[in-house]
Each structure stands twice: as structure tokens, then as C-alpha cells.
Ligand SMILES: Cc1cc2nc3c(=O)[nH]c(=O)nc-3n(C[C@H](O)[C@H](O)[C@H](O)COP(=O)(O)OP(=O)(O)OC[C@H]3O[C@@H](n4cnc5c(N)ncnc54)[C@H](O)[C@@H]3O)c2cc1C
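A lone chain, given as C-alpha cells: the form predicted on its own.
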């Protein structure tokens, strides 16, 4: 499955020092082997190495060159699925606790980013979540009441308040002051560099060819090497659906652009992350070097979607959407445009845990708009699980849970 297409920006614009790792060419022994060198594998490997778990990371190509190269770096505790809807789906205790996990995960990412020896461009940001049309105002108001009732303090902005802060008008919005942005490329390599200093062993260009399971553990075979481990954590992202499709997962194409630096972003209030109630939604943010990242325009995945023609067309649409909200920016142009596969779960929460067909394995499928946040949640839960202290929350994210039918 082709996961990305187009000109993703991170590898071109970053000067962060990255290490290169040899392929696995001999026999290794460890407690946990993590498969997948994207942001999910990096976060998981970091947390495991931090707690002293003997860990190996295997990446089939180069670190961060899969779906993570298309990551736009928004970190939010609010979800594609509103809290009010999650409570209706899963009940009060589970819905509220899941949102609390997301909020804690943003804080965890902040702490980790601050501990790394590189500037990951992690910045605390507020988020503006606006009603796309008048008919969505009640959704904003209901979500405001729900979030504040359960201790997630957000502000309700009416049309006048929005117009006073931004050069556009929307009928209503939530303003949240607990989110963040990050450079995913710098974060990934910072995590790996720190984790290797804590004992992590990394092997690039080492695709898994075969896995043998036994009561004593698992044997992972690559083209030229073998790893014996007690546990596998599969962090293979959207590509997992190619060989282990889940009934709860749907696949879309998503699109994104990054602009050339913009001379004056002073009309962009507090550099806030911006998104909307419409589905599929438009989202956007700024970067420390005064660029704009915008994404969205999702559509059901077909074999013909990830083409340069589609990327060009969707890229121009995204640019027009940015210009419509910020007409005072003057002429802005695209420096990078790309498309990627994007997976979501049908009930609005990620899939994390074991699968009956894969013994001694855990899967991290942080599908949805908060993928990096979900990966942080998964890493903390599985770090406990591999020590024998299985968190009760893993039951919530079961891979074989039944679809919800309202």
C-alpha cells in the first residue's frame, strides 16, 4: 500500500542531526521488539528504554520516512469525536476518562520534548474550534457545556469575540488553551537519539519476513538477522491494515500543504491551531519560521487518490481556504504539498492491545486526527503491560471490540 505521495516538507527543511543505523545482520536477544520506526515506534521505544526495558526497534526502511513524514504536528486533547458523543457511545466514565488520557498525553509529550537534547519546536498553543455554519452553533454550545462540566476548561466565543481576534467571522467557537504543536521530524529523531543513549538498539533497512511464536517467546526473522524476544509491539501505522485489516477501521486520503514563509502573521491570534465542526474538516497552524500548514479535504481512499494531479488540485483548494480566512496576509504560495493514507476508527477511539491471531503481540493503531497523542497513550499503557501490570484501560481499546451501532 502506498502511504504517502508528493513533497513532504520535514526532511527538506530540517537540519537536526540524525543518526543512521545498520541493518540487522546477526542474532539479537531482547525483552521487547518494536516493529516500525515512525513517531509511534519512536515514542514507544523511548518510554520502554526510559523504564529500563531491553528493547530493539526494527524499521523496514529509514526512520520517519513512512506516514510520519506526512505528520502535520498538531497536538490536541479534543478529538474528532466530541466528548458529548463519546459519552453517548461509551458511557460517562469511559468517555470522560478517555479525554483525560488525551489531556495527560499532551502534558507527557511536553515533558518529554523538554527533556530531549534538540529543539523539537514543541510549543504550547491554544486551539480555535469554530462552527462551520449557523446550524453547528448548538454543537459548539453543547460541547462547551459538556467539557466544562467534567473539568475540561474551554472558553465559549461568540461571533463578536471571534471577529475581535481574527480577520474572519464565524458564528461561534470553542477556545482551548491546553494544546500544542511540534516538528514531528525533530521530535522523532530526538526521541530515538535519547532512547539509544538509554540502551535502545535500532536497526534500519530490516523488514520483518517471518515471525515464529512459541511458549518461550517470539522469533522475528529479517533477510539477514534474527531477534528473539518475549513480546512484539507492532507500531506499523496505517500499513497494518494491508495485512491485518480491522473491521472497525476505515481508510481515507488526506491532503496537506506548507506555505513559503509569510512576512506578517500578526493577525493570526496567538498562533492558535484552527479547526472546524464540518466533516471532513479543514485545519491549519503556523510554524516557528512563519509558514502555514493546512490540511484536510479527506475523502474515501481509492487507488487513484494519491496522484500528483490530485495533490495539485487539493493543494490549491487548501491554499484558497487559508486565504479566505486570512485575506490580510496578501499573496502566499505553496512550498510543499502532499497526500497520504489516513485511517480512522468507526467509534472514535484508537485500537491498542492484543489480537487473538497474533500471540505475544501488542498493536498500536492510533487512528484518527490525534495520532501522536494516541501513540503517547499507547506507549504508557504498554510500558506497564510488558512488565505484567496490564492497565484496565487496555480493555477500552481492544482490537476485537464490537462496532458501536447507535
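Numbering follows the first chain given and starts at 1. Quick caveat, the model's predicted, so the values are computed rather than measured.
Below, we turn to the form predicted in complex with the named molecule, even though it does not appear here.
The closest non-hydrogen atom of residue 58 lies within 4.5 Å of the named molecule in the predicted bound form. Proximity of residue 96 to the named molecule in the predicted bound form falls outside the 4.5 Å heavy atom cutoff. In the predicted bound form, none of the heavy atoms of residue 87 sits within 4.5 Å of a heavy atom of the named molecule. Put simply, residue 74 is close to the named molecule in the predicted bound form: some heavy atom of it is within 4.5 Å. Just one listed stretch, out of 190-198, 237-245, 112-120, 139-147, contacts the named molecule in the predicted bound form at the 4.5 Å heavy atom level, and that stretch is 237-245.
Interface residue among 288, 167, 261, 207, judged by heavy atoms within 4.5 Å of the named molecule in the predicted bound form: 207. Annotation for 323-356: interface residues with the named molecule in the predicted bound form are 338, 340, 341, 342 [heavy atom within 4.5 Å].
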